[in-house]
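A lone chain, given as structure tokens: the form predicted alone.
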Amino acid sequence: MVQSKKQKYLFLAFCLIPTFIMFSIFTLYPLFSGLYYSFFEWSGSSENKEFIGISNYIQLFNDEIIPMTILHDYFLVAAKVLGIMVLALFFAVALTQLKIKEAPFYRIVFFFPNIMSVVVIGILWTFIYNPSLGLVNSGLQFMGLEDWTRPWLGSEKWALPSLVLPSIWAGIGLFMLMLMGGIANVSKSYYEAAEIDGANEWQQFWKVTLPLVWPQIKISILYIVITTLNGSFIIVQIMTGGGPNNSTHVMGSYLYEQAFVQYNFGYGATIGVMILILSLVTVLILQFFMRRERVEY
């Protein structure tokens, strides 16, 4: 028995040690090195690093652009969570509960943007928003709405909202499939019982579907929040570069500008630490407000 336990622990160690080594190299090392560099003034390429203590953090809290980037990040988070979850839930319910013959085709169509690179999506939508040749302004002109045409990505007022549409378009498919999986696991007997009780389709959605797919909805929301706070800078960098006049800068794109354009790597690392803290705090707050007991009928 003792020999068996020892073999079991050796086998577990054999399996876990490579995973821990990879986790240390690709997660823990960048995390702690970023925290380390946030206490230095460093260009990122020279050998001269000057220890300046918490000066970068003092600069962070006095930087007028930082509050604006945080607001932009949370605007994108709110718009993406609302837009993606409403549309993904609508299409998931329609493709699973309405007997649509072409449902497999629509699943492929909605999921197609997820296999495209974010870079390609950004370039594609930059052409769509082109003020003279883009589909958006051309469509508005075709409908006789010339007054509504504008340089979408060149306007301080409209550039940030214009980034929401490609982000939603690119995200619906993945979360629609996740919700479809949850809806497929709901027993038909619940819907039959609801019908016998006189519930219409809208009431069945609120009383049966929504509570029973809540775990998938919760995971989807958390995933959207984390990926937006940590990854929205890619689409920003490609489509607007943070402009015009910093009107679309998010924390990630501002970090990129400070670290790799202004060569202020220490301050860029400080912004990275800020992104990590805000992401953790946001996820913890969301988990607190979204907690609920598992629904069983």
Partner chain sequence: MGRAGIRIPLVLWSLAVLYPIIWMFIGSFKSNGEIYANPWGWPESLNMGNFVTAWTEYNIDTSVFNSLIVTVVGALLTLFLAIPTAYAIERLRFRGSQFLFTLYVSAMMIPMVLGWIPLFFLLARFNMLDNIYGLAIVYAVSQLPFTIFVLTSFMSTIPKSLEESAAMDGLSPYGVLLKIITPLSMSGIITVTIMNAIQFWNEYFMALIFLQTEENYTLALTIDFISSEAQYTNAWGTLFASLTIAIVPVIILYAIFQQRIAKGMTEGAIKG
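Bear in mind the structure is a predicted one, so any value in this text is a computation, not a measurement. Whichever C-alpha set is largest while still superposing within 1.5 Å between the two forms counts as the rigid core. Positions refer to the first chain, counted from 1.
The protein also exists as the form predicted together with the partner chain; that form is not presented, and the subsequent description refers to it.
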*Proximity to the partner chain in the predicted bound form (heavy atom, within 4.5 Å), stretch among 165-173, 206-214, 70-78, 183-191*: 165-173
*Only one of Leu145, Ile123, Ile196, Val86 has a non-hydrogen atom within 4.5 angstroms of the partner chain in the predicted bound form; which is it?*
Ile123
*For the spot marked by Ile128, Tyr256 and Leu276, is every residue within 4.5 Å of the partner chain in the predicted bound form through some heavy atom?*
yes
*Quick one: does Pro151 come within 4.5 Å of the partner chain in the predicted bound form, counting heavy atoms only?*
no
*Although the partner chain is absent from this view, report whether Ile65 comes within 4.5 Å of it in the predicted bound form, heavy atoms only.*
no
*Would you please decide whether Ile285 lies within 4.5 angstroms of the partner chain in the predicted bound form, comparing each non-hydrogen atom pair?*
no
*Quick one: does Pro244 come within 4.5 Å of the partner chain in the predicted bound form, counting heavy atoms only?*
no
_Going through 234-271, which residues have a heavy atom within 4.5 Å of the partner chain in the predicted bound form? Please give them in sequence order._
Ile234, Gln237, Ile238, Leu255, Tyr256, Ala259, Phe260, Phe265, Gly268, Ala269
_On a rigid core superposition, would Ile277 pass a 2 Å threshold for CA movement between the shown form and the other one?_
no
